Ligand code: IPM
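The form predicted alone is given below as one chain in structure tokens.
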């Protein structure tokens, strides 16, 4: 079982180190090799996704990623910016299915900005299509019109096959949960998502046990705040999923608690926290590593089919929280504020 470990930028190296520490504590024969990506890739090879990093990722069974990005790279040409490396590796590995669970641990109910009675018991799986939509559609770019005015163009584009394969992932996951799928679109004004809705309805005929509902994205954003527990599995396109999953993360108390998995058709995956690189706190040992540690648990579950050790990690995280350990983002009065490394140590001890 070979893992490509790509720490990335900002807090990436700190949080990935804790996940690696937890995986090593399991002692299950994982082979891990590190490589640069993002700003670190640019510094090492003049490319946010160096050829050697991509080759390692392709040769590995799974990828464990930290985060990419730093303000100091914002003035680089677009193709050299750290985020382009992230988009490229997703595309190169054909990681079309992004799974983002939003699960509220009982100990963190008071850390959410919403009332405990609104979020207690929250357990949502957001399934986001990851390799299509407006982030990849052509034509795109910035051009100058004949009158000298600049124009920016991006294209929202989905094929039936792209919609169908992400829909299958969502329906299959729903069958293992509470058999409810909410498909999020904007079919009233966007033809690309009108097709999305049509395909989801067609797919639902093969899953008679699953209750399919539809919701416009603006309403879905509101409902996530108003009554989030109505949702079980949400499936949506790339840009809507990007926004909604970050919104859902705050229901759990902090985006530092939200893991993610990005899978190809054979469950080879890249696993990363849903948050960014937070360069303002990099190197200060205050970042929350739990989303990255929980992403490692997802890796064991989805790519290595090791449910037992995935659960071991998740239970260790629960135990560390129950013992009162908190990083700054989830700290509340009366709990024990610890740094990034100490939180990783607490999870290892709980194992």
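Fair warning: this is a prediction, and the values are worked out from it, not measured in the lab. Residue numbers count along the first chain shown, from 1.
Same protein, other form: the form predicted together with the ligand, not shown, and the subject of what follows.
Proximity to the ligand in the predicted complex holds for none of 21, 327 and 340, with the criterion being a heavy atom within 4.5 Å.
Proximity to the ligand in the predicted complex, taken as a non-hydrogen atom within 4.5 angstroms, holds for one residue of 86, 263, 224, 124, which is 86. Site annotation in the predicted complex: the residue of 105, 207, 73, 135 reaching within 4.5 Å of the ligand with a heavy atom is 135.
Heavy atoms within 4.5 Å of the ligand in the predicted complex are found in exactly one of 161-169, 211-219, 78-86, 226-234, that being 78-86. Within 4.5 Å of some heavy atom of the ligand in the predicted complex lies at least one heavy atom of residue 242. In the predicted complex, at least one heavy atom of residue 90 sits within 4.5 Å of the ligand. Among heavy atoms of residue 100, some come within 4.5 Å of the ligand in the predicted complex. Contact annotation: residue 249 falls outside 4.5 Å of the ligand in the predicted complex, judged by heavy atom distances.
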